[in-house]
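Read on for two forms of one protein chain; each stands alone as structure tokens, with the labels structure 1 and structure 2.
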Structure 1
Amino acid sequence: MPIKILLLENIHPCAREALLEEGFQIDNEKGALSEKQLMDLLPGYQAVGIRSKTQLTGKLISGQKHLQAIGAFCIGTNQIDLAEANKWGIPVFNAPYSNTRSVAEMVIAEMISLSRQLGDANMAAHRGEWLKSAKGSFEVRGKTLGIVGYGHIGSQVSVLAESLGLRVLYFDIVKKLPLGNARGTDSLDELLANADFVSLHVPETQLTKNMIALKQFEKMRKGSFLINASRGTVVDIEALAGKLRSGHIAGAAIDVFPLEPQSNEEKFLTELQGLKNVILTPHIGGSTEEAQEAIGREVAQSLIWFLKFGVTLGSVNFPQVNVPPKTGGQRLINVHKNVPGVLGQLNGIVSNAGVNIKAQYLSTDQHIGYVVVDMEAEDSTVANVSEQVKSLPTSIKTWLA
């Protein structure tokens, strides 16, 4: 029977095409589905592909014995219970690099737009008002950009900003090699006090929740700007609104919010609406044709490598194993509890069946072990070995690839 994959939320068509070419059966849904809908649907699929709106909760993942893989066609994986997926032997693959350039370009565009108050001038012109004035408008050349989080996107923003003549400071809790003339700061406070623009590029964690709140806004320069294209929980929106009204913060560009609509039909509300020199965008930092196609190709390829060969490289919640395509014989894949003696039991079953092992690959994490075994034997013999391995009390999931 062909492997069945469910793709949700208008994933780029290139992903479907790539998966179809490998012989998988693909079903599409345009939008996100509810937990109840997915509870009914998922048992019929071996893999599911989602974007940021679908919530794959622990309750939903628990007991999904037939589900072999999850593809997150986006950067973040906060919408997926990674620990529960690990527990049930389900690797999660995402696309950590594919939208880097798209987000970086938008940040640069927003920085210039805030500095020139283009959003307000544009809306005034649409209303028939002619606001020709240089007051409060500045070039970005010679200004200082502070980047919080110097990862793939933050460092790309750094390179683009320098090419425009900005000085670049950055702060990251992990030691990072500076690109160009960028300079790291010893603390977030140091960066905030010295930057004309602050751009956030951090993940959503307990450490980053409300990391830019009233205390941090007060440390920022009067007349400085904030840009957030990372995660909605990173900024205290109420505190930002207050500082914008007081004029301490001269403008902000916000692409992500603590609460976001689940669809384009749902009403969007935020305290930032109607405030001067504030650019609000609907989480579109990575929403370019180029980025969505690259994400589609990257995650689809990860799913193909895993479902066909057992490769787990790039999974965010799984032991990392890189294996070559099999050349004849049969490939047994087993996910098991990480306890002593499992490999001995598995090899004992193989040995007792008189099967020759061509190659074996093993990796573990704190909770599970992942082993790929290439064998030379008759199909019926390998099928019997697979059933015996599956019946081991330590086995979580076993299949032949």
Structure 2
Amino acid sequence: MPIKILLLENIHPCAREALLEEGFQIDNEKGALSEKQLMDLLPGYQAVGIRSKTQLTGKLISGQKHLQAIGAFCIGTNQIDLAEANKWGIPVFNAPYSNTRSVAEMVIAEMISLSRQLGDANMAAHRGEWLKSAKGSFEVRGKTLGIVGYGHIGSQVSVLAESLGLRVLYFDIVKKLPLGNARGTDSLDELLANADFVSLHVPETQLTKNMIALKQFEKMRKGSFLINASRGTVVDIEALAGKLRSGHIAGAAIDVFPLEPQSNEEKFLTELQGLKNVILTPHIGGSTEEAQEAIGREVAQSLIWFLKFGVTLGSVNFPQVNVPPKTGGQRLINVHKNVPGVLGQLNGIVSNAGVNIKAQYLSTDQHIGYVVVDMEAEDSTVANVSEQVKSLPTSIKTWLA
């Protein structure tokens, strides 16, 4: 029987193609489905692929004995009850870094736009006003960019900015290898005091909440610019609006907000509307056709590696196991409650059947254990071993890959 996968919400076609190539059977639905619809449909599938609109609630996931994996074809996984999925032995795979380059390119575009006041000149020209002037317009070449958070996006911005002739400083709470000629600073204050552009690329945490507020704006150079395409909670918007009005900050490009509309139909309001040299965008830093395709490819690949070989690497709610592809023999996979003695019982069953274990891979988290066992024996013997392992009271899911 081929593995059946249900793909919802217009996932990029490259995902379907990749999964079909592996011989999986794919059903597509254009939109998101309701809890009731999914309740009826899910038992017929080994994997489901969703984007951000489908809610995979605890109620829905609970009891899904047949469902082996969830593909979140997006960045966030808030729409899925990850703990319940873990409890039922269902790994969730997403694509957190597929849009890194898209965000980095937008930040570079914004830096140049702010420095040349392109947004304001554009809006004026649309209104029929001719604002030809060099005043307050600068090249970015030779200026200093300060990057806060030197992770996937921050470090990409660093490489692109250096190629335009900017000096790059960065601040990160973790020690990071500088790329090119970028230099790490010892403190956020040191970065703020020395940068012409400050670009934020930190996650949303307790430490980053209002990380750039009045005190920090005062540390920034007069006439400098702020770019935030990270998370809305990182910047105190009221303080930013004040500093823009006073002219201390010469411009800002903001893509993320503390409160964002839930849909394109909802009205968007911020104190930054109408301020000079301010670029406002609706959280589109990572929204490109390329990123959508990369997400499709990346999550489909994770599902393939898991369903074919048992690789759980990159899953957001599961013990991480990286296993090589099977080279002959049979592969038994077992998800179990993380209690003492499980491995002993499992290996006891295998050895009582007179089967030789070629390789074994185990990883655990607080609640569950995940073990992959490669063995060589007659198919019927292995099937018998699998049935016995399945019937252990500690077993959550057991299958042969």
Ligand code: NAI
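Structure 1's sequence is the ruler for residue numbers, which start at 1. Bear in mind the structure is a predicted one, so any value in this text is a computation, not a measurement.
Between structure 1 and structure 2, the form predicted on its own: Answer is structure 1, the other one does not fit.
Same-part call for V278 and D186, two rigid parts between structures 1 and 2: Considering the two-part motion between structures 1 and 2, V278 moves together with D186, as both sit in one rigid block.
Rigid-body rotation angle between structures 1 and 2, smaller part relative to larger (whole degrees): The smaller domain rotates by 21 degrees relative to the larger one between structures 1 and 2.
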